[in-house]
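Okay, here we've got a single chain as structure tokens, the form predicted alone, with questions on binding and movement later.
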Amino acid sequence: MQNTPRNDELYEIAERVLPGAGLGGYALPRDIRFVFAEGSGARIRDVDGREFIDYVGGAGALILGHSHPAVVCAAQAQIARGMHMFGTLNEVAIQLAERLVRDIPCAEKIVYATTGSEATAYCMRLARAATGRDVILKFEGAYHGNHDYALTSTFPKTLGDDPQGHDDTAGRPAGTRSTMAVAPYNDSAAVERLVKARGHELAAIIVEPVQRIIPAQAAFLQSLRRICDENGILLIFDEVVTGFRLAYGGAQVHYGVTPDLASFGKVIGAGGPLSCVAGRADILDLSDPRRKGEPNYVYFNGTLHGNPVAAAATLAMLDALKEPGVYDRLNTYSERVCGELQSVLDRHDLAARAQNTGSLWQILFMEQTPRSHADMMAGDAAAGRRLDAECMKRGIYALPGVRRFFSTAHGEAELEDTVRILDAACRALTAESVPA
């Protein structure tokens, strides 16, 4: 993929003013990097007019694709009325809160936040306040945001049933390590052993119902609910990714397991600055601002909490998702595309699988569906990144080595183009592996 004049000009500026010329944790290699200009439906264009099929979808936030007319109209109408209010309620935030309490199984009340990372941090804070315990159990390889508690064994290099946890970032206070415990995903027996040894310390178990691209086994989530109930531990679903993507209402609808608390973001917000914590009223009421000064008051606050533009966009998005057959069509399409992609991989004799859970998907260089982070470590991640890079050069936008998303905007043209691009990328990858 040849960089073009405007892209190069902007990257020269970015190299001077942004660390690594990237935003957050991602900086594309020089030979495949580009600068966004606009997005429409399932496609994006860069500043020099090159088009890509978008499978990143705003990290999964854009389940309706880019610039969905109803979402754009709702956001524009609210902008005309006011982009931001703070310090007291706004009409649209109340309307959305009522909708979310109605549509999310665990939601007796909700509290707004701005990002998914904020929402998971608030869940942990609430759990500690509600139980009087300090330790949170998470799972190896799980990503729960960018805060110090979350960045424990997200990218572990060694495995074990109850490791203390590995630091994923410099600058993390040593005190946060002692308040996190780690277990392997989809392993109920390991959780039972850890709870038997340390249950009296545990405030909560936090789990992604789909951990990056690894689907939870229904029996595993059911066992977590049972273990928590038997030991006075709260169950937190991190639904920042799965919320209103696996099903209308989230993974708790899809799996039929109701947590005590859940964090929502991405789809909640419709691409705007909005997230929330949903859950039991007795727990969320600990954040009631009228309780300030009480020993168990839990502080929530943020400049953009309940942002009216994002709330209006989300209401329009929920209306679109509530239309009959939306999830059936999206999930059927996802299965069909992954089936077509698997045929391409098989034709090129690549030991890889087009893995999906609903509309979350990724090409993994492994032979079976992964059950844990250990399985992910055993796969050939480097080969996956090389294939992703070859696809990027030919017009697919997917962050190398990172799971991706289908939207309702993806259709026949995207399927055909994706199959064609993957076929060409596989030829390039196999040619690379043949000795000269």
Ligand SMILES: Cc1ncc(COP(=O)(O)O)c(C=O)c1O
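Numbering starts at 1 and follows the sequence shown. Predicted, not measured: the structure shown is a model, and the values here were computed from it.
Below, we turn to the form predicted together with this ligand, even though it does not appear here.
J.: Of these, 143 to 151, 244 to 252, 290 to 298, 305 to 313, which stretch puts a heavy atom within 4.5 angstroms of this ligand in the predicted bound form?
T.: Result of the contact check: 143 to 151.
J.: Decide yes or no: are Arg43, Ser359 and Arg404 jointly within 4.5 Å of this ligand in the predicted bound form, with each residue judged by its heavy atoms?
T.: Checked in the predicted bound form: no contact with this ligand for any of the three.
J.: Arg99, Arg280, Arg212, Arg128: which sits within 4.5 Å of this ligand in the predicted bound form by any heavy atom?
T.: Exactly one listed residue reaches within 4.5 Å, namely Arg212.
J.: I need to confirm a contact call. Of Thr115, Ser188, Ser334, Gln78, which residue comes within 4.5 Å of this ligand in the predicted bound form, counting heavy atoms only?
T.: Going through each option in turn, the one that passes is Thr115.
J.: In the predicted bound form, does Glu208 have a heavy atom within 4.5 Å of this ligand?
T.: Yes - in the predicted bound form, heavy atoms of Glu208 and this ligand come within 4.5 Å of each other.
J.: Taking any heavy atom pair closer than or equal to 4.5 Å as contact, tell me whether Ala107 reaches this ligand in the predicted bound form.
T.: Contact check for Ala107: no, nothing within 4.5 Å of this ligand in the predicted bound form.
J.: So in the predicted bound form, is this ligand close enough to Val240 to count as touching (4.5 Å, heavy atoms)?
T.: Result yes; Val240 sits at the interface with this ligand in the predicted bound form.
J.: Are there residues in 257 to 283 with a heavy atom within 4.5 Å of this ligand in the predicted bound form, and which are they, in order?
T.: Sequence-ordered list has one entry, Lys266.
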